[in-house]
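Quick setup: one chain, the form predicted on its own, written in structure tokens, and binding and motion questions come after.
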């Protein structure tokens, strides 16, 4: 069983899988468009939730939400399944493939042998598309790889039933029915309003621009509160989540700027072009933070003063994002009145 599934490489797994599936079913869709319609841009700093023993810092909405929101806003009917029994999960995957259906799957990165050893860590929300099976190997479109890959059935089984936080429990998802027509413009507006609400209006100090300012306050205290070794470990974790975990750089801000550029043409809304440039500037400021933080992690700067300077950069990011999303909400709300 082998489906003629066009593979395209992207920066991030979930938005990449979403875009690849939409393209397969006939809707031309870039990764940026899928990410933006899904309201993917976000920020949260949750110090009491630990990932690999370090505080949760995320620059995107929760795993699965981009696919769920994008398909819902475009009117795509989706099937989803989770399993307790790995054998039943594998049989269902084979049945779907035999019916000609490419299948999205949630997996644990650590158990996927085609990942280079340096990139294999315990993250259980990695998404890919299974599009065929030859012998005992599955054919996989993993959007963060340049070419399609193969994975032995026993290894994919381990990855689909990885233990720990965000355990996938064999999760599969696939398109059941496409709508007769798409209202991509309306879906883009809904995605923009969703991101604005998440960054500005959620009444919790941990999320959105409030969360960035909370991280700035706590980061400034880390050398005294945690000691030098743990402070550097916490700082390195923030940089890794911002720049290395499939964000495309700048904590997804550069990807979101590309979405706003597409949305400007889609909605015939010129102010979105200027806002796209401002979003790129925000992404550049986040990268400036990452570069400065990396110098601290490598010992080229040290001490509480270095952390206070980094905290000031974060406050600047928060201020830029607060102004950006306020103006963005105004730009799309004026169009839809």
Partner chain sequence: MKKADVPQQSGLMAGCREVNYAVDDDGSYTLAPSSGWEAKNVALRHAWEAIIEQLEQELAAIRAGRKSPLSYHMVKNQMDPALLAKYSGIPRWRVKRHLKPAVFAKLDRAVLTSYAELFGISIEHLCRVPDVPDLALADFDRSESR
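Numbering follows the first chain given and starts at 1. This structure is a prediction, so every number in the text was calculated from the model and none was measured.
Not on display, but discussed next: the form predicted in complex with the partner chain.
- For the partner chain in the model of the complex, the listed stretch (121 to 129, 183 to 191, 214 to 222, 88 to 96) containing residues with heavy atoms inside 4.5 Å is 121 to 129.
- Scanning 239, 153, 266, 202 against the partner chain in the model of the complex with a 4.5 Å heavy atom cut-off leaves one residue, 239.
- Contact check for residue 81: every heavy atom lies farther than 4.5 Å from the partner chain in the model of the complex.
- In the model of the complex, at least one heavy atom of residue 163 sits within 4.5 Å of a heavy atom of the partner chain.
- Proximity of residue 308 to the partner chain in the model of the complex: non-hydrogen atoms within 4.5 Å are absent; the residue sits far from the partner.
- Taking non-hydrogen atoms only, residue 246 approaches the partner chain to within 4.5 angstroms in the model of the complex.
- Highlighted residues 32, 116 and 257: every one comes within 4.5 Å of the partner chain in the model of the complex, counting any heavy atom.
- Residues 110, 111 are the members of 92 to 112 with a non-hydrogen atom no more than 4.5 angstroms from the partner chain in the model of the complex.
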